[in-house]
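One chain is shown next in structure tokens, namely the form predicted alone.
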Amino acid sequence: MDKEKNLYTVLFAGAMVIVVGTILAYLASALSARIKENERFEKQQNILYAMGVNENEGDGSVDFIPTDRVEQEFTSYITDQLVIEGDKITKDDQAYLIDIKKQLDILKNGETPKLPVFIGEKDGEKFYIIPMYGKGLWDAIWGFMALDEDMTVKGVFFDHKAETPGLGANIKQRYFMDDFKGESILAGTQYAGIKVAKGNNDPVNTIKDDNEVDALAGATITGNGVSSMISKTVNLYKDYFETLRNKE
């Protein structure tokens, strides 16, 4: 066949598409188990990070429990996993695998979502960890928030898919996440969430009763996304939170 003709080019391109597509399909199939395992470990790491179980050193590091230990640590620190489905609360030791994005889509369709809660214990203190999911500037943002029975934040973890490096992407930096510690999601007796506020006159975040943390420079829309994500999540879980606050 004449290699200078268009037919050769078309046939060659078609053959390459088939070969490359076959290789990618094989790799996706062969690695699917490993990918799922890594996703499972990552969720466990993030949940533990929110409740303060990590390997951070110094002031700026964000270091998770290594994958070769995280499953054991998760089992050790997370004492219960619950699923809230309407008025029903059940135990499920696989609740951490629930895809919160899919559950929010179910809610949008008018159906009842399954909302996971992870109960952890560390140094004699009890933590209630909830997942969060929202929208940043460019794409999805998500995370976990750990609370005590008084609705005080004990820790958070945030991550994102495509926020701007050096700006909105800094939601996963240690200095930003640490600002949430000690804040309350209550304003008096009302659930208010926590706002990422520009110009809140508390840049070092010493005021813990204002339901605000200082915004990231140049990342207003991402910060608004975090505020909205927290507010919507708190609203979803507030009935469950009321049961914790009414414990005798």
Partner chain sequence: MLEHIELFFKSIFIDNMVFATFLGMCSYLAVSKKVTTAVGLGAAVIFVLAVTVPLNWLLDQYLLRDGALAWLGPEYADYNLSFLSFILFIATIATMVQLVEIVVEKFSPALYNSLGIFLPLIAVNCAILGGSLFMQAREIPSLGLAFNYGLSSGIGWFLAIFAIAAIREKIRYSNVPPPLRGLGITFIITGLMAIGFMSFGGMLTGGDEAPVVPEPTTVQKTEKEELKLDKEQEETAVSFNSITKEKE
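Quick caveat, the model's predicted, so the values are computed rather than measured. Residue numbers count along the first chain shown, from 1.
The discussion below concerns the form predicted in complex with its partner chain, not included here.
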Query raised in the report: Counting only heavy atoms and a 4.5 Å cutoff, which of 117 to 125, 147 to 155, 102 to 110, 75 to 83 contacts its partner chain in the model of the complex?
Result: 102 to 110
Query raised in the report: Does K181 make contact with its partner chain in the model of the complex, using a 4.5 Å heavy atom cut-off?
Result: no
Query raised in the report: Should R174 be counted as a contact of its partner chain in the model of the complex, where contact means heavy atoms within 4.5 Å?
Result: no
Query raised in the report: Is I18 close enough to touch its partner chain in the model of the complex, meaning at least one heavy atom pair within 4.5 Å?
Result: no
Query raised in the report: Is there a heavy atom of K198 no more than 4.5 Å from a heavy atom of its partner chain in the model of the complex?
Result: yes
